[in-house]
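The chain below stands alone, shown as structure tokens; this is the form predicted alone.
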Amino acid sequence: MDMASTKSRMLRLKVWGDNACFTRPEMKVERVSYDVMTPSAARGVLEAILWKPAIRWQVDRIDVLKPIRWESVRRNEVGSVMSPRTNGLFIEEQRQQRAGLFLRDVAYTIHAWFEMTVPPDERNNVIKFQEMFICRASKGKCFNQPYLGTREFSAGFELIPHDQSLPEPIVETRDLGFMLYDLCHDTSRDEGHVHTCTDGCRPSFFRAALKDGRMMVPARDSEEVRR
């Protein structure tokens, strides 16, 4: 690979955890998880290990390594969110009890690569960032603890080197329906690096399917991605 290249090679990362909740946006009251990790959640794990303004991650495939199991939990949540415009928040007045349908005992292999968002040069190039990711993931380093859908479900992770065989996914094939692909955020009103979602923020979806435990993820500019 030369310095002028704009795409990395395929990188493989195993992630796992006791619980996960990749929340379906159509469930407005109770939290209900998708069956499988979403591309946006996988991207979030990768960015927790290495994020740079000069690169953009593309998830290519997600392998499901453990049978899909569910767990129903009732818990207390706070029904409001603090922001710079909030004039204080008294948690006891905002506390709500809600049920949630979560995944339990999960493990996945994320196949992903990144591309440059700026022309490569000596400071910003694919080789440098690729080696940074491999080094950080191998040593367990991260900017913030990766999580599986919500921050309370932290994720363990390890790099799968290219000379190491991949973990076998589960033997299961089925249609998963439309799944959240990612959110395109409108940052025009952001102030002080604080983002507040507006009507300009748009979700995108794709038709997900599990084939022999593997879920293929289309490219973001693909016609398969519905906006």
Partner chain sequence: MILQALHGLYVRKQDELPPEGFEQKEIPFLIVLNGDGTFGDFQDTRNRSGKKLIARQFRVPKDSGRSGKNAWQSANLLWDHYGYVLCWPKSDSDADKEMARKQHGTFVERVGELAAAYPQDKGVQAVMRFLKSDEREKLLEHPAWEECRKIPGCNLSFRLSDELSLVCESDNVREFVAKSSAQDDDEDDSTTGDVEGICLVTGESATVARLHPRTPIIGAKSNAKIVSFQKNMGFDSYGRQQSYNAPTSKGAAFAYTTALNHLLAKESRQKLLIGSDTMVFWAGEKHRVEDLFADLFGEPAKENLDQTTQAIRSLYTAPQAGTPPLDHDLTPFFVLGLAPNAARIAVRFWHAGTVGETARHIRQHFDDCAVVHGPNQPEYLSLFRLLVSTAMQGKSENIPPNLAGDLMKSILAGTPYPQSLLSAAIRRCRAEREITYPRVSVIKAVLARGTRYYTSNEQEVGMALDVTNTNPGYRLGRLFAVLEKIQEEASPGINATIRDRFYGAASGTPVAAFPHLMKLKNHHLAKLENRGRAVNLEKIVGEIMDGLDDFPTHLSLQDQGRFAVGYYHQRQDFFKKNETTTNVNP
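All figures in this text were calculated on a predicted structure; none of them were measured in a lab. Numbering follows the first chain given and starts at 1.
Heads up, the form predicted in complex with the partner chain isn't pictured, but that's what we're talking about next.
Visitor: Heavy atoms, 4.5 Å, the partner chain in the predicted bound form: which of 113 to 121, 142 to 150, 127 to 135, 94 to 102 makes the cut? Say which one.
Guide: Among the candidates, contact is made by 94 to 102.
Visitor: Counting only non-hydrogen atoms and a 4.5 angstroms cut-off, does P84 reach the partner chain in the predicted bound form?
Guide: Looking in the predicted bound form, residue contacts with the partner chain do not include P84, since no heavy atom lies within 4.5 Å.
Visitor: Is V29 one of the residues lying within 4.5 Å of the partner chain in the predicted bound form, judged by heavy atom distances?
Guide: Taking the distances in the predicted bound form, the answer for V29 is yes, it comes within 4.5 Å of the partner chain.
Visitor: Does N76 reach the partner chain in the predicted bound form, with heavy atoms at most 4.5 Å apart?
Guide: Taking the distances in the predicted bound form, the answer for N76 is no, it never comes within 4.5 Å of the partner chain.
Visitor: With heavy atoms only and a cut-off of 4.5 Å, decide whether S154 touches the partner chain in the predicted bound form.
Guide: S154 lies outside the contact set for the partner chain.
Visitor: Of the options L166, A48, L183, I170, which one has a non-hydrogen atom that comes within 4.5 Å of the partner chain in the predicted bound form?
Guide: When the partner chain is considered in the predicted bound form, the option within 4.5 Å is L183.
Visitor: Taking the partner chain as it sits in the predicted bound form, which residues of 111 to 132 have a non-hydrogen atom within 4.5 Å of it? Please list them.
Guide: Going through 111 to 132 in order - heavy atoms within 4.5 Å of the partner chain in the predicted bound form - there are no hits.
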